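In C-alpha cells, one chain follows: the form predicted on its own.
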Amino acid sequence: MNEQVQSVASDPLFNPLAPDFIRNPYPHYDRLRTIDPIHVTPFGQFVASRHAEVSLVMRDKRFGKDFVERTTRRYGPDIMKEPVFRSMGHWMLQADPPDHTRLRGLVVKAFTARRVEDMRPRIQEIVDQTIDAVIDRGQMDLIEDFAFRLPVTIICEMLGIPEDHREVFYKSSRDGGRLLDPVPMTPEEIAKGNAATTMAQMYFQQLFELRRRNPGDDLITQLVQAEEDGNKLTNEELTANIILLFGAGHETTVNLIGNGLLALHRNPDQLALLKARPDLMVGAIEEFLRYDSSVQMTGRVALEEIDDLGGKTIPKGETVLCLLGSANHDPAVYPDHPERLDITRPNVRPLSFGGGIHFCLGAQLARIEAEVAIATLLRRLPDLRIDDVENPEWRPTFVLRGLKCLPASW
C-alpha cells in the first residue's frame, strides 16, 4: 500500500490521457482540488478543479474562446490551414460574440423546451424499436446496439439526413473525441481528423444541394435558407456547424446513457430503488450527469489579465481548463459523499452542460433521450445484467468520457 501512495505522490497531478486517469479520474480530481486547485500544466495551461472557479470562468465575460489565437499558439502559425482546424474555427462552440451570437441564434429555435418535449413520443418509439430488434437475442452491447442508435436517429431526423443515408452514420467510428483533448494531437491524428472532416464536408455539401431543391421541415433547410440571406451564414460556417451539431447531438448522449447504466449496475441498491420507483428518473438523470459526466472539461481563454483566480494571476491570452467532472464532485457543493451515486440527492445542479453563453443547446434533448432510454430498458428488460461492471472498456479520450462497449445479457 505504501509503495502505491509513493507512486501516486510522484505522478504528475494532471495527466488526463493516462490509462488510470481515464479509468477513474475522480481520485485525481480530489488530489487537484486539495493540493493545487488552480494547477499549471507543462503546456502552460491553468487547470481549475473547484466548483467555484469553474462556474466563474464559464460565466465571466473576461474569458472567451479565442480559438484561432489559442490553436496557433499551441501548434504553430500554419495550423489553421489544416481542414479539421479550419472547420473547428467556424464552430459556434469555439466562437466568441458577435459570431457566436449570430450562429447560435440561427439554430436555437430547433432546441426550445417545447419543441424537444414534443419529440418525446418519437423518442419512445425509437427506443422501443431498438429493444424489439435485440430482445430475442438475449444479449447486446449497450453502447452500439442501444445507446448509440437513439441519439443518432434523432439528430439525423432533426438535421434532415435522409433515412437511406443513415446506415453510414450508425456505423461511423466514434474517434473524433481526441479533437477536444487538452493534449496536442500527433500529425497522424491530425491527418485522420482532416480525412474525416473532408468526407463530412463532401457529404453535407451534397445534402445542402438536395435541401435547396427539396426543402423540408428540418434544421439543414432552415440553415440553407439563412445562408441565402448572405450576411447570416457562409457556406463554410454552415458546413462546420452541421458537423458540430451532428457530433454534439449524439456523442455526449450516448455517453450519458452508457455511463448512467454502468453507474446503476455498479450500485445495485440504486438500481433496485429506480426500478421500484420510476418517478425518481428525472432526478436520477441529474445525478448521472453529476456523478460521471460525459463531458469532463471545457476551456476558456483570458481576454484580459485576471488578477485573482483561486489565488493565481492568469495572464491575458492564457487558457483555463475547467474540469466539469471535478466541479461536480466538489464537497463544497455536494457535502454528502460526492463520490457516491445517490439518485435521491437533493439540489443536484451539475455543470456537465457547461455554462454562460456556451451552455449546451441540446441539454433538454439529452435529458429526455436518456430518461426515456433508461426507463424503458429497466421496464422492458428488468433482469438485464452487465457482463463486467468492474473493468469496462473506456474510450481513450478524456474530454468526452464514455465507454467503447458495454456487453450485457438477460
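Computed from a prediction, not measured in an experiment: that's the story for all the values here. The numbering used is simple: start at 1 and walk along the sequence shown.
Not on display, but discussed next: the form predicted in complex with protoporphyrin IX containing FE (HEM).
- Just one listed stretch, out of 24 to 32, 378 to 386, 356 to 364, 40 to 48, contacts protoporphyrin IX containing FE (HEM) in the model of the complex at the 4.5 Å heavy atom level, and that stretch is 356 to 364.
- Protoporphyrin IX containing FE (HEM) is not shown here, and in the model of the complex it never comes within 4.5 Å of any heavy atom of residue 147.
- Contact check for residue 249: a heavy atom falls within 4.5 Å of protoporphyrin IX containing FE (HEM) in the model of the complex.
- Contact check for residue 131: no non-hydrogen atom falls within 4.5 Å of protoporphyrin IX containing FE (HEM) in the model of the complex.
- Within this chain, residue 244 lines the site of protoporphyrin IX containing FE (HEM) in the model of the complex, having a heavy atom no more than 4.5 Å away.
- Out of the listed residues 104, 265, 192, 211, 104 is the one that sits within 4.5 Å of protoporphyrin IX containing FE (HEM) in the model of the complex by at least one heavy atom.
- Checked against protoporphyrin IX containing FE (HEM) in the model of the complex, the residues 302, 223, 143, 93 give one hit for a heavy atom within 4.5 Å, which is 93.
- Highlighted residues 100, 253 and 324: every one comes within 4.5 Å of protoporphyrin IX containing FE (HEM) in the model of the complex, counting any heavy atom.
- Along 281 to 296, residues 289, 294, 295 each place a heavy atom within 4.5 Å of protoporphyrin IX containing FE (HEM) in the model of the complex.
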